[in-house]
Each structure stands twice: as C-alpha cells, then as structure tokens.
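Below sits a lone chain in structure tokens, taken as the form predicted on its own.
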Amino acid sequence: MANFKGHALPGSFFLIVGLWWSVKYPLKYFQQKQKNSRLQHYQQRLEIIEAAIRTLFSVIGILAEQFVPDGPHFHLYNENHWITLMNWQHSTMYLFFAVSGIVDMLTYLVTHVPLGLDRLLLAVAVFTEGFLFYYHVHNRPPLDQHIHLLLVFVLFGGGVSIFLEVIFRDNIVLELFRTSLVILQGTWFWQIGFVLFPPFGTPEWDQADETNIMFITMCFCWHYLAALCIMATNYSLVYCLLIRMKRRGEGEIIGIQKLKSDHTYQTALLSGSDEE
C-alpha cells in the first residue's frame, strides 16, 4: 500500500517480533546451561507459538495488500496492463515470510526436517525482501529512493547474518545482531511512512532537497542506536530478573533446609528426654 498505513503495518509486525526476540534470546542464553527436559519442552512449544504468530502476521499483510479499496484483489493482469504491482511486491514479501514461519513450525513438529532449514528459509525471505525493495523505487524522487535504499542495506546485512546461523546455530551474538536489525527495520518502516506520507496534516518533505537526504541518513544511525539501547536494556532486565529469581529460589531452599534441621534437632531433644 502506497500510504502511511501500508508502512506502519509491516513496521509494527517487525517491531513486535524484534522486541520479543530481544527478550527471548537473552533468556534462552542464560538458561541454556540448565539440562532441564521440562524447560526444553516449554521452549519448543513457545517456538511453535511464535512461528504461528509470525505466519499469521504474514497472512494479514497479504490480505491487507490485496483487499484494500484500490488493491488488486488477487488480479495480476487485466486489459493489457499489470494491476497495482506495488501491492503485489509487498504481498510477495509477506508470502516468503509466511513460508518461513511454516517451516519454523515444521522444524519443531516434524522430526525429519533438517536442522537449520528454518534459518535458511528465514534468510531467503529477508534476501527476497531486500531484492524486491532494491527494484521498488526506480524512477522515483531522490529522497524516496534513498530512504528505501537504507532499508535494503539492513535487509542484506540481516540476510547474511541469518545465513551464518545455519552454520553457527544458537550463537547469541548472531541472534542479537539479527534482533537489532529487525527492530531497526520496524522503526524504519514507520520513519518511511512519516517522511513519504506525513500523517495528521504535517508538511510534506521536499523530495529533491539534499539536506533532507543528509538528515535522513543521520536519522538512520539514530534509529540503529535506539535499537541497540533497547537490546541492552532488555538484556540487562532479563539478567537481573533471573538473578533475583535464582537468589529467591536459593533462599527458599536454605529456609527449607533450616526448618528440616530444626525439626531434626527438636526430635532428637524429645527422644533424649523420653529416654531419661
């Protein structure tokens, strides 16, 4: 959709997923040393639920692109011309992410799915998105081209990082890097919407002004810094929460042991008094 909502919708999807990953991966990293089969079972169920939600997001995106009032309604060609190819490009992007989500679910539901296929399909989805956006803005104003080109850098960088996860699976550094790029992608979609389709009656940006291009490049760096701050904050909060829970658990264990020792001592005293 070539409007503000068309950029806010995918931006919200990517931002939700990125914020969730910024909590999930630190939690998984701090708990991976615990050989707890019950905990692993819950983690697998959570992975399936996450993959299902990501697939649902993709399906919602496809339907939104196809069935808006000026959408193609799943018609690609009519009367010697293509029908709203921009909506079809967005739908194709969502389609690949839907396939990635389905493969993620199958990875945990079907035992014979090769390990790493989920990461490979996610990398393919991100590369496809970058490929589509690279050819998305030809013959458009300079600012429009530049702001989308910055997004392409994020997508290709994220695609390479995810592909490395096929080989180095469960690497916390790669997972956090991927998460930061997903958060950046989410906030940048919102930024594109505000720049190209200003809501609330705000003034439009001059698409040919070079100073606007310079500012938006600097703004892109600020967005990534904000994403890193979000990552660091959530990482620290997860660590502090787990430490607090661990100390509380150890305190309860010590308290139980103390009660047991006191009970044993009292039993011994009573037994001694009976013998006398």
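Each residue number is its position in the shown sequence, starting from 1. Owing to the predicted nature of the structure, the values given are computational and were not obtained by experimental measurement.
Only in words, not in the display: the form predicted in complex with a further copy of the same chain, which the text now covers.
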Review point. Does M105 reach a further copy of the same chain in the predicted bound form, with heavy atoms at most 4.5 Å apart?
Key: no
Review point. Looking in the predicted bound form, any heavy atom of T187 within 4.5 Å of a further copy of the same chain?
Key: no
Point to revise | in the predicted bound form, N212 touching a further copy of the same chain (heavy atom, 4.5 Å) | key: yes
Review point. Would L143 show up as a contact with a further copy of the same chain in the predicted bound form if we use heavy atoms at 4.5 Å?
Key: no
Exercise for review: Using heavy atoms and a 4.5 Å cut-off, decide whether F13, P72 and V152 all contact a further copy of the same chain in the predicted bound form.
Suggested key: no
Check your understanding: Even though the chain is shown alone, can you say which residues of 213-227 have a heavy atom within 4.5 Å of a further copy of the same chain in the predicted bound form?
Key -> M214, F215, T217, M218, F220, C221, W222, Y224, L225
